[in-house]
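Here you get one chain, nothing else, as structure tokens; it is the form predicted on its own.
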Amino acid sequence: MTKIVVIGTGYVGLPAAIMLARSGYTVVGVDIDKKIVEAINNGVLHIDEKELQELLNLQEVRKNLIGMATPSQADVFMVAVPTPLDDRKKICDLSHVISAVESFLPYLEKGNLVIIESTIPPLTCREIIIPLLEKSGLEVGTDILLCHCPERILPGNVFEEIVHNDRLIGGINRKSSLAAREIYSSFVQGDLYLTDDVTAALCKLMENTYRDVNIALANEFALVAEGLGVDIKEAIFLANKHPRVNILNPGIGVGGHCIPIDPWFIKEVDPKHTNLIMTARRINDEMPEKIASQIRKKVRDLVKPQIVALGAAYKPDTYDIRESPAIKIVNLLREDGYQVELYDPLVKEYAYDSLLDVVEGKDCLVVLVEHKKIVEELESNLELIKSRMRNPLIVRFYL
């Protein structure tokens, strides 16, 4: 039976490990966090994904999946560790990927397949991963195989996306691609497209950069409309009546681990040809300050206003707070001396029992993230909510 070691069991690695275990592979989920290893072995999912927890409860999955703190011998090694942005240099921090590869070098054997799922800049496999792997004395492409298969999942909907999304299989040669395709075909129902490692890396970055640029365009339109006194929602609605126009809705900024990060990885490999991409990044990065400024204007006539901010996640209907513009806005206001309480019904550390209790005696309720749960509560209890506030000021954006 094929044995697969998955290095990194977070948002990407653990779902993959569970799906592979369900498909009948012997899977070892490796993580440096001992609590995560213990949770895996106890059948407890440390990310909030109902369908995956149900799979983890299955006897065959529990039988095939174990958690460990270090790698072991295997047929396949899959790397699914974070690749954060170095805030100072604005380049990809590959230290986790390098450490992951180095951790299983002693266990590499002829015939092994190495899969990199982590998001990486183009040429990373060729310039960094291959030299690392060949320290083992094995030649990549002949003795061992290498493939970059970038993840395509969305926190909060991981099971649906990991199964049904199309995937890119970017091998350093065709033999590598075919070997990786066999692994992914065991659980992916979407199409599997074979390409090379550089193309796969660039495609992943293009996907998120495309979204970043289009969001920036909508946000800039919103700023222009504000200066003109135009309702941006109406303007977008009317502009989108053109058969070849589809403008997105503006927002408070861009968050998550992909969209605000991946464009920088393209700039890293080709700074000369990324002017538009970097302009879009700057526009979206400035949005939290623009929104904070709007909030300041709303409360400028109030003496020491007490503000409640609703929504800490990076977008509606998710629990993920990574790179959240909402949190950035709250921090900007607090730095200016405003008293701001932050709540989110979907994020454990910001949860609340009753919105009515939260707004008691407050001066301003700012809705930063329009979770369905928040919208429903506002629609059903709006007048009662206002009656509980000292000043019934409710601020929402781009509705």
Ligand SMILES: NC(=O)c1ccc[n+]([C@@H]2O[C@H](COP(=O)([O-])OP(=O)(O)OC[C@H]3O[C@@H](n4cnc5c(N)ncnc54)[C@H](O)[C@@H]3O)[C@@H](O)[C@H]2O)c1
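All residue numbers are counted from 1 along the displayed sequence. Quick caveat: nothing in here was measured; it's all calculated off a predicted structure.
Heads up, the form predicted in complex with the named molecule isn't pictured, but that's what we're talking about next.
- Stretch-level contact analysis of 176-184, 270-278, 233-241, 74-82 against the named molecule in the predicted complex, using heavy atoms and a 4.5 Å limit, identifies 74-82.
- In the predicted complex, the named molecule sits within 4.5 Å of a heavy atom belonging to Ile7.
- Using a 4.5 angstroms threshold between heavy atoms, Thr209 stays clear of the named molecule in the predicted complex.
- With a 4.5 Å cutoff on heavy atoms, Ala100 counts as touching the named molecule in the predicted complex.
- The named molecule in the predicted complex comes within 4.5 Å of a heavy atom belonging to Ser118.
- Only one of Ile252, Cys125, Cys258, Ala201 lies close to the named molecule in the predicted complex, with a heavy atom inside 4.5 Å, and it is Cys258.
- Shown here without its partner, the chain carries Asp33, Ile36 and Glu151, all of which come within 4.5 Å of the named molecule in the predicted complex through at least one heavy atom.
- Shown without its partner, the chain has Arg322 as the single residue in segment 301-338 with a non-hydrogen atom within 4.5 angstroms of the named molecule in the predicted complex.
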